[in-house]
Each structure stands twice: as structure tokens, then as C-alpha cells.
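What follows is a single chain, given as C-alpha cells, in the form predicted alone.
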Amino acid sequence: MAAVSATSVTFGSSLKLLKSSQITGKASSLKMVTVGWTKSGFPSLRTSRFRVSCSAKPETVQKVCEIVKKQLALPAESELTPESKFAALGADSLDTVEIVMSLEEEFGISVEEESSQNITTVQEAADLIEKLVQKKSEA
């Protein structure tokens, strides 16, 4: 699972590059740039945000949906999406633990307690499963 989050700010006046540095990690490369404007006064700003997330395979998401429906005894016609929150589906903390246990059994993985407490949506569960299955296959 990989995720990229970013914030983009566009300035309306001329910009001057103040500082640039390169950070390189094992699997990623980041370039940090600091900019300033040469005009006096505050420039107009336009901001945008985007988020890129390499998410789990559709079949993993589908399997998680099936397990969640079974654990929460939801009707077969219930529509679950990757964004479906367990709490919104009526799950309490015990239900979430049971969902995680079923996922561990189905995918042959072991989810650490800290990780299981951070799972609130179908997508988060599927992403964690993909990560753990990949880690297991590399070992």
C-alpha cells in the first residue's frame, strides 16, 4: 500500500526560489522547495489539495465487504463501498474485533492490535490486508 498526500499553493505574483533540497529514501524520492515572492504586499493565493492512494485489489475489497456483511448480519442486498464505515453500519468495538479476526482467518495473516484499532472503513481493512499479505510473501 502506498499513499501520497500533498498540498499545492499557487501565488499570483512573481516567485523567487529560495531553497531546494533533495531527500531520497529506500522506495521514494522527495524534493522540498521553499519559495518566496519578490513583490511587496501579500500575493493572491489559490490552493488545491489532492490525495493519491494505491489501494487494495478490487477482489480484496469485495472479500472484505462479504466478511463485514456476514459479521454484522447485514442483508444480502446491503450496498457496501470501500468508504463504508464500520460504525455507520452499526458495528461496535467488539464487532470490529470480530471482523478483524475473520479477516485474519480468511487471508492467513496476523493483524497487530495497534493496526486493528485504526481500521474504521472497508478500504482501510483491505489496504492493511494487502500490506500484510505482501509482507508475508516477502518473508
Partner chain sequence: MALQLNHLSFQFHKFTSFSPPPMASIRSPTVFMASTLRSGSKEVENLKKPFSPPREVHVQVTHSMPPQKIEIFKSMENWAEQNILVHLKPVEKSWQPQDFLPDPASDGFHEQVKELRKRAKELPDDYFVVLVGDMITEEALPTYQTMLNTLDGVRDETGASLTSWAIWTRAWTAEENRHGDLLNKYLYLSGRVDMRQIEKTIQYLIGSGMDPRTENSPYLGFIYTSFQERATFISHGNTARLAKEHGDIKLAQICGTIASDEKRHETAYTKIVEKLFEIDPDGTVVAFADMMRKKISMPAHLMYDGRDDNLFDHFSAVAQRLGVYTAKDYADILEFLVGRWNVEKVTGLSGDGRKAQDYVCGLAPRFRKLEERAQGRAKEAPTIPFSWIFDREVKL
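Nothing here was measured: the structure is a model prediction, and the numbers come from that model. Numbering follows the first chain given and starts at 1.
One more form of this protein exists, namely the form predicted in complex with the partner chain; it is left out here, but the text below deals with it.
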**Study point:** the partner chain: the contacting residue among 83, 113, 59, 79 in the predicted complex [heavy atom, 4.5 Å]
**Key:** 113
Practice item. Tell me, yes or no, whether residue 97 is in contact with the partner chain in the predicted complex, where a contact means a heavy atom of each within 4.5 Å. Key: yes
Check your understanding: in the predicted complex, does residue 104 have a heavy atom within 4.5 Å of the partner chain?
Key -> yes
Check your understanding: Though only this chain appears here, would residue 87 touch the partner chain in the predicted complex if you measure heavy atom gaps against 4.5 Å?
Key -> yes
Check your understanding: Which residues, if any, of 57-78 lie within 4.5 Å of the partner chain in the predicted complex when only heavy atoms count?
Key -> 71
